[in-house]
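This document opens with one chain alone, in structure tokens, the form predicted on its own.
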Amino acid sequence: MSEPFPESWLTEGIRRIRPADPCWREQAQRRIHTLTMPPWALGRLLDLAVDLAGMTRSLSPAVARRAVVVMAGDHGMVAEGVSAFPQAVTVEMVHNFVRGGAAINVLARQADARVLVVDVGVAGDLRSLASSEMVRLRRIAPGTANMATGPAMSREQAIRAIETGWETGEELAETTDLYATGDMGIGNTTPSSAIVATLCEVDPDQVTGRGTGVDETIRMHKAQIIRRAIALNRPDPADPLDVLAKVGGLEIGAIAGVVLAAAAQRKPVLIDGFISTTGALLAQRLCPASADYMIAAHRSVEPGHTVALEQLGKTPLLDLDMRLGEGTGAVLAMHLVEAAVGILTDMATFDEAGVSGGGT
């Protein structure tokens, strides 16, 4: 769509999202109980298989065609000294993605996943990458405003960010079975902490970590900046769009849009670390049923990530002390998704294998 959709369009789109199907979950559970192993011997891998069956309405969930969508955006509040890296790194890292030299490229190649980078709010000029099949230039603004001195963006821009993510998810629909979310944006742990603090109604210090590796003094400064931004802008915890607009980020809103698009298609979406989970939390607050299609890939060392995961009711598949973002944890977890489907579809039943002791 050439024009931003109205808020009513978002409401109508969300109405298309239905919860995962309990009947397919039950069918998957019954099949698993016939497989050649003691009851639930593969633990949470089997829980994942059941989840996938419920999401996809199938005992043979399609997960072979994979894409990680890396949303990129900059943040005005980096002027407050909350990051160990300069804002120019956002543009530089997008170029690194296109060259194939970043961590997400390495891990995506191992997982046979496509990488798509979407500029929704990068402050620098990426027009030289317009011809790259890996990049989509959908910039809404050259970064957000400084939330420490006023709203990060307008409500319309917040809606457009979600629209961009949703449209990207729909663009990939015909070639993607399994989605993953990723992010790139210097300073974006700060708006993520602000969103989580607001939506979960906790003190910013509880959800503010070291981000790019800042020391304790700067971490405390970050928490104070967030506290000031919330007090100044007064985001409404009952209105996710208001929270996104006042203390959020364009790439965070776009991640929420990707999650909603995957849910509307009844396809699983692997949620990466803190920034991606913040976007997923916004999606869940906009549409509770969308959480049924989310798979928490890993637990970040950022303290706000654990709070957000608890709000979503998700237990992450991996816990590797990671904090890079980019979608790295989500792509790593693709191997576990593939394993869960393999167990559900390829493992022999007691009857098929002629093994004694099986029950239904």
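Start at 1 and count along the sequence shown; that's the residue number. Quick caveat, the model's predicted, so the values are computed rather than measured.
In what follows, reference is made to the form predicted in complex with another copy of the chain, a form of this protein that is not presented.
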property: Another copy of the chain in the predicted complex: contacting segment from 22 to 30, 311 to 319, 49 to 57, 287 to 295, heavy atom within 4.5 Å; result: 311 to 319
property: Contact of R99 with another copy of the chain in the predicted complex (heavy atom, 4.5 Å); result: yes
property: Any non-hydrogen atom of Q206 within 4.5 angstroms of another copy of the chain in the predicted complex; result: no
property: Heavy atom of M220 within 4.5 Å of another copy of the chain in the predicted complex; result: no
property: Another copy of the chain contact in the predicted complex: P142, any heavy atom under 4.5 Å; result: no
property: Another copy of the chain: the contacting residue among D112, E156, D236, E92 in the predicted complex [heavy atom, 4.5 Å]; result: E92
property: Candidate from S132, N146, T212, Q224 lying within 4.5 Å of another copy of the chain in the predicted complex - any heavy atom; result: T212
property: Neighbours of another copy of the chain in the predicted complex among 151 to 182 [non-hydrogen atom within 4.5 angstroms]; result: none
